[in-house]
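Given as structure tokens, the chain that follows is alone and in the form predicted alone.
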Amino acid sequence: MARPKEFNPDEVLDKAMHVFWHKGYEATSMEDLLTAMDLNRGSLYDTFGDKRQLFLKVMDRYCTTLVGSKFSLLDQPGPALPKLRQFIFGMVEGALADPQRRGCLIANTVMELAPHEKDIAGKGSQVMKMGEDAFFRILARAKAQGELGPDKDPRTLARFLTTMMQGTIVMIKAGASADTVKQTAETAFSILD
């Protein structure tokens, strides 16, 4: 009979997420993960599989707990453009407040692994599409509520905002000043007027 797990899988997965997020996939060793997760090798492999399988689970958890919950804010009722502005500037402020400037785990992963890891690149594309769809829904609502001009295409604008947000996060990671990043977000938002 198997012994019951003496750890919370979600909690140790969160610990692994922070290691991958800080160091990247390639630079993270199994020793880094074992230390951070406070697990022995057998428990890690039995519960999560090898490093690659663990990383895919980390990406799923990141998308569910962080990305999905943030984008769900855009589905709240009320005026759409103020909510979108609050979301965009909240994301920028959050990224600027991170002392490590880790950026976005998904964007980091796509830049690091997409050229040679097609299934991981596919997962990254799914997440970016999830963001684009969330932007599309709120922009379509803004248009229906008369907040967005009739000449504005919600899908095109959603793609633009997705690209702008990913680029802004990369700028933050690269050390851009808060003023520069906020000006970029203001310029992007002005396109919606």
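One rule holds for the numbers: they count along the sequence shown, beginning at 1. This one's a predicted model, so the numbers in the text were calculated from it and none came from an experiment.
The same protein also has a form predicted in complex with a further copy of the same chain, omitted here; what follows describes it.
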Report summary line: Within 4.5 Å of a further copy of the same chain in the predicted bound form by heavy atoms, the stretch out of 137-145, 24-32, 57-65, 42-50 is 24-32
Query raised in the report: What is the one choice in Ile120, Met91, Leu81, Met111 with a heavy atom within 4.5 Å of a further copy of the same chain in the predicted bound form?
Result: Met111
Query raised in the report: With the cut-off set at 4.5 Å between non-hydrogen atoms, does Val170 touch a further copy of the same chain in the predicted bound form?
Result: yes
Query raised in the report: With a 4.5 Å heavy atom cut-off, would you call Gln86 a contact of a further copy of the same chain in the predicted bound form?
Result: no
Query raised in the report: Does Thr187 reach a further copy of the same chain in the predicted bound form, with heavy atoms at most 4.5 Å apart?
Result: yes
Query raised in the report: Hey, in the predicted bound form, is Arg159 touching a further copy of the same chain, heavy atoms inside 4.5 Å?
Result: yes
Requested in this report: Using heavy atoms and a 4.5 Å cut-off, decide whether His116, Thr163 and Gln166 all contact a further copy of the same chain in the predicted bound form.
Outcome: yes
Requested in this report: Give, in sequence order, every residue of 81-105 that has a heavy atom within 4.5 Å of a further copy of the same chain in the predicted bound form, or say none if there are no such residues.
Outcome: Gln100, Arg101, Arg102
